[in-house]
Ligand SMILES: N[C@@H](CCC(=O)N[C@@H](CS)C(=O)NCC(=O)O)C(=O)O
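Here's a solo chain for you in structure tokens, the form predicted on its own.
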């Protein structure tokens, strides 16, 4: 039996941007797969037994177990080459890889820090991010935890970091007003990587009723960035069927 005949499994945290990146890639290639939600803590023990590490995403494709979103997509490009996400032109491919690396590192770090700060203040946002499998008593603990005080003490996301992030997002917003794709004339992993990380700054429609439209104050609602978040939402929604929370 070939890997094409076996339903792939994606082990994930639903709101992880790296898992979103992989889901979009799978949908872009019209590949059937099963989503397996990993429960933080105890669920990661099983994940370690499967993959040798506790991080998501993990893709099981037949006998192959692949970790890391970048390596997963390289695997998909090799073994499921329909609708390629990496351009054949070497120059375009180099640009795509550079943007993917920037999105997965610099943008990811800034977006995560901004979200932690926002969740420290916004109880509704914090609870919306919790997996459904989290028991009610623990959710109550998370609701009452003094995250605002913790945030004020640690200074998670500085004004300088905010300004640097905003400047990058402003340039991206201008870029997507002129064309639908960041590199070349076709969808690429550059688009998926950037859109996935943007989901932490402004949750797309596919995030479900509890989270869609929520985001980082001063960023998700800034007029100059609306073209960028509209581009993100349309791209994610086109590749990611909405599911109830």
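Numbering follows the first chain given and starts at 1. Note that this is a predicted model, so its numbers are computed, not measured.
Just so it is clear, the following notes concern the form predicted together with this ligand, a form of the same protein that is not shown.
Remark: residue 57 counts among the residues lining this ligand in the model of the complex, judged by a heavy atom distance of 4.5 Å or less.
Using a 4.5 angstroms threshold between heavy atoms, residue 44 counts as touching this ligand in the model of the complex.
Remark: residue 70 counts among the residues lining this ligand in the model of the complex, judged by a heavy atom distance of 4.5 Å or less. Comparing 188-196, 208-216, 61-69, 173-181 against this ligand in the model of the complex, the single stretch with non-hydrogen atoms within 4.5 angstroms of it is 61-69. Along 11-33, these residues reach a heavy atom to within 4.5 Å of this ligand in the model of the complex: 13, 16, 17, 18.
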